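Before any questions on binding or motion, here is one chain by itself as structure tokens, the form predicted alone.
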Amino acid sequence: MIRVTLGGDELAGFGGDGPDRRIKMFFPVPGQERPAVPRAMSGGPVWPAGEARPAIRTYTVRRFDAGSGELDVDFVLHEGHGPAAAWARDARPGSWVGVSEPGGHYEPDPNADFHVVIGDETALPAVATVLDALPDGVPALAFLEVADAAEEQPLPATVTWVHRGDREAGAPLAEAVRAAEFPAGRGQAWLSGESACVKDLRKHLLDDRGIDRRAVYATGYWRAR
């Protein structure tokens, strides 16, 4: 993974505080120094006339410091880089990228008896912000799948790291969650990662673990097939 720190006067008033804050990022296409960005209108986004539309991807705010005006975004580098990873790999001071206002609806339930956080490497930036926001003194179980031990990151919680190796994405993670013992009481769960795995584990949390569907926040980030 690579972390890119963004800055500029345009970030004044940016609402990036809180867990799992998601942004749209607009990456310049070949021939552009600065990407075209739309104006938000009541009827939908309006793009500048005559300019090529950028590549658009969704990312999570890893850190925003209003005092310094710095915004950190983490990117997964992988074989066959897409436009976002390729931009992050080559970014240098002075490189331009467009960033939308942040969105996101997840907030930890202060009345939950325990919390469950599940993800893979694409979810690590969001996972870190979620773990930071969990209340002290409440049991929290975190299950994270990565390729191998070299991909583990220091996080503010005790994590069950699951190493994928050459297995199908999501399979080891699903096994680890299903085999785990959850605390008693009313739980809240946050999970993101490979779409099929997220769908399967959401069903497991609802049907087998009895967690209320209103307390399960699940998002598929990508598809393995």
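We number the residues from 1 along the sequence you see. Predicted model only: the values in this text are computed from it and were never measured.
There is also a form predicted in complex with a small molecule; it is not shown, and the following applies to it.
The small molecule is not drawn, but in the predicted bound form it has no heavy atom within 4.5 Å of residue 186. Residue contact with the small molecule in the predicted bound form: residue 119 places no heavy atom within 4.5 Å of it. Contact check for residue 74: a heavy atom falls within 4.5 Å of the small molecule in the predicted bound form. Among residues of the shown chain, residue 99 is not one whose heavy atoms approach the small molecule to within 4.5 Å in the predicted bound form. The listed set 182, 64, 26, 59 contains one residue whose heavy atoms approach the small molecule in the predicted bound form to within 4.5 Å, identified as 59. Contact with the small molecule in the predicted bound form, judged as any non-hydrogen atom within 4.5 angstroms, is confined among 51-59, 171-179, 153-161, 29-37 to 51-59.
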